[in-house]
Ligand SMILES: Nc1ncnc2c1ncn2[C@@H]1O[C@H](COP(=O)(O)OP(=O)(O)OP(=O)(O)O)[C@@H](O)[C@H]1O
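Just the one chain here, the form predicted on its own, laid out as structure tokens.
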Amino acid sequence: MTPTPNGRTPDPSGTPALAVQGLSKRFGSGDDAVTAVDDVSFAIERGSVVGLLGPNGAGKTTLIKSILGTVIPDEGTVRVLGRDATDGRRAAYANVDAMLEGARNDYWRLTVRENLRYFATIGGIAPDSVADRHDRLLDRLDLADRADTPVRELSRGMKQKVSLASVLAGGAELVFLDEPTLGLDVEGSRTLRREIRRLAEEEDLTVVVSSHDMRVIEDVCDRVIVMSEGSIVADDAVERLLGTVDEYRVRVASDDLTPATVDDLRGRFDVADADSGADPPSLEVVTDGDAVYDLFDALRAAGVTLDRVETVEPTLEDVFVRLTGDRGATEPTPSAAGREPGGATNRPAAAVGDEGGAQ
């Protein structure tokens, strides 16, 4: 069997990278007990990229902590790369890593390259043996020209990319990425997303991604797991989830869309969005094929000359709102799910200084 570029040979047994079965976690007791995770089961195949979404209080945080070993569940099992997570935690989590939200998991006084060597070393990998891997990561993440720069001197976006490179420095097989594009500009976000997809497709890396940005999830994930009130409410491929939204939307734009006109239309149509600050102002309406003619008649009667008309494709955010009823941002994976002593990566706890980074 042909090894992947990182030297690993694909598992012929088809054992999932992560298998969660009947996981439950309650906090408190008696009438005050709160069930944070309620009988959750799923499996993630090797080499896939899976998004984990959920509104505040959905139980996603507790689920992540339970998977990574920082919270002990009341019921259920977690198998990581074919190993029972309770059967020798160090061995079970040896090839698992996690990236913290906010780029706080690197040592800011070390250079970029020194961070990669350090985290490879504490993962049990001789850093010289993966020097070529580090060079490729630095090059692909546009960090090569800053390889010998202390992390504390980098921008927040570059620190975020260093965090990802450090997570990947030792060749982990399963990684959890919390808000991986936080602080990145458009081009940096695009670069990071391309690298996540490349690693999954070319090196058989398995990735679990949490992000507030639904576009990130749509771009990089093969599949999305959505939680609400402690349970999984959806678990499917991105394309199939998008297909569950059958609403027809039309967005129109015109300088004639005054606030009074928009208020009048709100009373007659299902207005999903209105942006009076756009140039020109725009209006998005949920309607079916026949009712769109009523909308155009109403606009004509109000003296609105249309500058632009376009249909709006359903987004993952639409699916999320329909499933959870939450129109706010999703809850990020907690930093506690990452590099705590005895957790998934067996890395030492970093002392957090005034700068907010590991010192």
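In this text, all values refer to a predicted model and were calculated from it rather than measured experimentally. Counting begins at 1, following the sequence as shown. Heads up, when I say rigid core I mean the largest set of C-alphas that superpose within 1.5 Å between the two forms.
Only in words, not in the display: the form predicted together with this ligand, which the text now covers.
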field: Partner-contacting position among 212, 136, 109, 89 - heavy atom within 4.5 Å of this ligand in the predicted bound form
entry: 212
- request: Have a look at 323, 304, 36, 49 for me and say which one sits with a heavy atom within 4.5 Å of this ligand in the predicted bound form.
  value: 36
query: Any chance 42, 73 and 77 all have a heavy atom within 4.5 Å of this ligand in the predicted bound form?
result: no
field: Exercise: residue 58 in contact with this ligand in the predicted bound form, heavy atom 4.5 Å
entry: yes
Partner contact for residue 293 in the predicted bound form: this ligand, 4.5 angstroms, heavy atom: no
- prompt: Any chance the CA of residue 313 moves 2 angstroms or more between this form and the one not shown, core superposed?
  reply: no
